[in-house]
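Below you will find one chain, with nothing else, as structure tokens; this is the form predicted alone, and questions on how it binds or moves follow later.
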Amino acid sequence: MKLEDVKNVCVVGAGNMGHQISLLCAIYGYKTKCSDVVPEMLKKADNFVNNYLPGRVEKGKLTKEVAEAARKNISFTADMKEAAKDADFVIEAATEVLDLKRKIFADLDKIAPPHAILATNSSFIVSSRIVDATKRPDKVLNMHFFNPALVMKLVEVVRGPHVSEESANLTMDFCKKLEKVPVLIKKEVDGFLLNRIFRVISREALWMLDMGVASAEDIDKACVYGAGHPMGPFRLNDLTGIDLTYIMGMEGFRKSGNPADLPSPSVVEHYVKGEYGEKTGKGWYEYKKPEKK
């Protein structure tokens, strides 16, 4: 399959990453169906699209014609079979739980056409832990977008030992079609590229906070005004989700058995309290609580 053969896209998961990836594909001309088993998520995703497109037109970022076409290109459904049955390219963006992803991929393998690429947006679960749930190992790979997917340019494409060169190249070309900047990771490594780098920064930042060296706000200021980062590690963590940081830490500990990989005490405290960052209204900082629709 070549890039020009990709016409229909399926995204599984209508959460923050899923509905943004779906809309991105729709804006660039792909017929995109996004599925989710939670009705509230589908409604929220549809509302996001209805608000986002007119807003971009008003700001001059999209033409009215492109926005209208994107609205026609995207649809939301609770039926994954309906979403994936004609897909040429599938992107899974469900919760970061291995058993759930394996179940989704096993179902997708039966539903999606044999030629379809099955990609996971997971930021830390490598595709080799999922691939044996399918009968198309050469077409299963990681395609990791960054939050917010509509804005962030980087996409990490991870070519595990089972992935064909054709699938990796097609995924790279697909990212470029979406005007993203893909990087090819030739080996499966924990954390991929950017998260491995950020992990070192975050670990040191959390240690300094837990030891009372400085506040989260001042550590963020040091990174922004001293290192030139667009935002500090704590503000970034609020954006990506403290719950994800906790889950990744626990997963790392389960794999290594090294106590150093456990999430820090302050991360655990926020996680237990349900303070995950922007999406809950409080994390390292406080935010306006999300409106219930």
Ligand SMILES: NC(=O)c1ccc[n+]([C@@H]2O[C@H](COP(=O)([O-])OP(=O)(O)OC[C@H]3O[C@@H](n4cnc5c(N)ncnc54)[C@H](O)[C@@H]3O)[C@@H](O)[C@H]2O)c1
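Note that the coordinates shown come from a computational prediction; the quantities given were computed from them, not determined experimentally. Start at 1 and count along the sequence shown; that's the residue number.
One more form of this protein should be noted, the form predicted together with the named molecule, which is absent from this view; the next part is about it.
Residue Ala93 is the only one of Val140, Val157, Ile74, Ala93 with a heavy atom lying within 4.5 Å of the named molecule in the predicted bound form. None of Leu262, Val268, Val38, Met231 but one reaches within 4.5 angstroms of the named molecule in the predicted bound form through a heavy atom, and that residue is Val38. Looking at Ile197, you'd find every heavy atom of it more than 4.5 angstroms from the named molecule in the predicted bound form.
Remark: Asn121 counts among the residues lining the named molecule in the predicted bound form, judged by a heavy atom distance of 4.5 Å or less. The closest heavy atom approach of Met17 to the named molecule in the predicted bound form falls within 4.5 Å. Not displayed here, the named molecule is kept clear of Val9 by more than 4.5 Å at the level of heavy atoms in the predicted bound form.
Contact with the named molecule in the predicted bound form, judged as any non-hydrogen atom within 4.5 angstroms, is confined among 209-217, 143-151, 157-165, 170-178 to 143-151.
With contact defined as any non-hydrogen atom lying within 4.5 angstroms of the named molecule in the predicted bound form, the contacting residues in 219-251 are Thr240, Leu244, given in sequence order.
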